[in-house]
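The chain below stands alone and is given in structure tokens; this is the form predicted on its own.
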């Protein structure tokens, strides 16, 4: 039973990293970022390329993927999202287009394949990442089998959730983000540089997605369309937890991860996913505003 709980917690931890970025971006900017899953994919490919071309371990790939996705998030915000603020469906379509472009860029090796130039690790093929020996040897506690890599995912996710909470509630930057979440116009009238804060918020969410990609690359095959389903799961967590609610996102990711992990162990992945959707529908009917949303939102 302990190993099943650990599997559920690790799945919930991945969901948490994906959903944290989505929740912050939508809560402060009102942008449904459909390219978020592809940012997870970029994080995973950053790990693949770092191992092949730089010889870096998975540990070193974590800050690298964060920086790569943070920078990419800044570019997406500057050249696409910034021009569409206040136009919800336009941002949805535009970021969906960005998602397709990112997928094809990886599949075509940034277009260099047209010139006969191939980059090892990119392209339409499947890639895998080597997990450090420290995290690959199973540990037995009594009769229970513990996978160290899943425990590592949980620890990293908790650490990033704490950092995000400190950023949101203990820094001036977080105070400005929360002010924009409450009332963007009032925040601007108080002297907050909304454009700059939004750009950094979008980039930070993208960086979290990159770290989620690193975590996923350790136990799943890395491929160009690996992020498509993740963005759906991320939005499910955001809706169940309550848009813009950090605590709600943490609770929802843990809940849905456990439901998925337990029923996948008892039956199979398809039934587990169907039950997760059933739980999501039931919660939305019971609390349309989410489990822990702000009052009045």
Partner chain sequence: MLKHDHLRIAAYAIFIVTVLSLPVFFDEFWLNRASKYLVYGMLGIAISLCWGYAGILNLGQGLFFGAGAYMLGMSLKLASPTSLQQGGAGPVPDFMLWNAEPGAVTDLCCINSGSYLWLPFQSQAFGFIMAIVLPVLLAFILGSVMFRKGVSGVFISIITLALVLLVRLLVVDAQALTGGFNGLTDLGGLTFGGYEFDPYSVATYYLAAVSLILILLGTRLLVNSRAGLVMQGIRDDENRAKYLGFDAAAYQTFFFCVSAAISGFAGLLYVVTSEFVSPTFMDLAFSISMVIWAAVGGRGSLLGACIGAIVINMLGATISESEVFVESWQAIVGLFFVLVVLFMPNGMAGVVHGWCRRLTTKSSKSEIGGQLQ
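Keep in mind the model is a prediction, meaning the values are calculated, not measured. Residue numbers count along the first chain shown, from 1.
Missing here is the form predicted in complex with the partner chain; even so, the following discussion is about that form.
Engineer: Thinking of 88, 97 and 281 as the candidate spot, does the partner chain come within 4.5 Å of a heavy atom on all of them in the predicted bound form?
Structural biologist: All three within 4.5 Å in the predicted bound form.
Engineer: From the candidate stretches 66 to 74, 247 to 255, 27 to 35, 48 to 56, select the single one in contact with the partner chain in the predicted bound form, where contact means a heavy atom within 4.5 Å.
Structural biologist: Only one stretch passes the 4.5 Å heavy-atom test: 27 to 35.
Engineer: Quick one: of 92, 167, 151, 192, which gets a non-hydrogen atom within 4.5 angstroms of the partner chain in the predicted bound form?
Structural biologist: None of the others qualify; the residue that does is 92.
Engineer: Would you kindly say which of 62, 42, 239, 264 lies with a heavy atom within 4.5 Å of the partner chain in the predicted bound form?
Structural biologist: Comparing distances to the partner chain in the predicted bound form, the residue within 4.5 Å is 239.
Engineer: Just checking whether residue 114 would be counted as a contact of the partner chain in the predicted bound form - the rule being heavy atoms within 4.5 angstroms.
Structural biologist: Residue 114: contacts the partner chain in the predicted bound form.
Engineer: Is residue 183 part of the interface with the partner chain in the predicted bound form - any heavy atom within 4.5 Å?
Structural biologist: Contact check for residue 183: no, nothing within 4.5 Å of the partner chain in the predicted bound form.
Engineer: Closest heavy atom of residue 140 to the partner chain in the predicted bound form, within 4.5 Å or not?
Structural biologist: Answer no; every heavy atom of residue 140 is more than 4.5 Å from the partner chain in the predicted bound form.
Engineer: Taking the shortest heavy atom distance, is residue 104 within 4.5 Å of the partner chain in the predicted bound form?
Structural biologist: Within the cut-off, so yes.
Engineer: Can you name the residues of 212 to 235 that have a heavy atom within 4.5 Å of the partner chain in the predicted bound form?
Structural biologist: Result: 232, 235.
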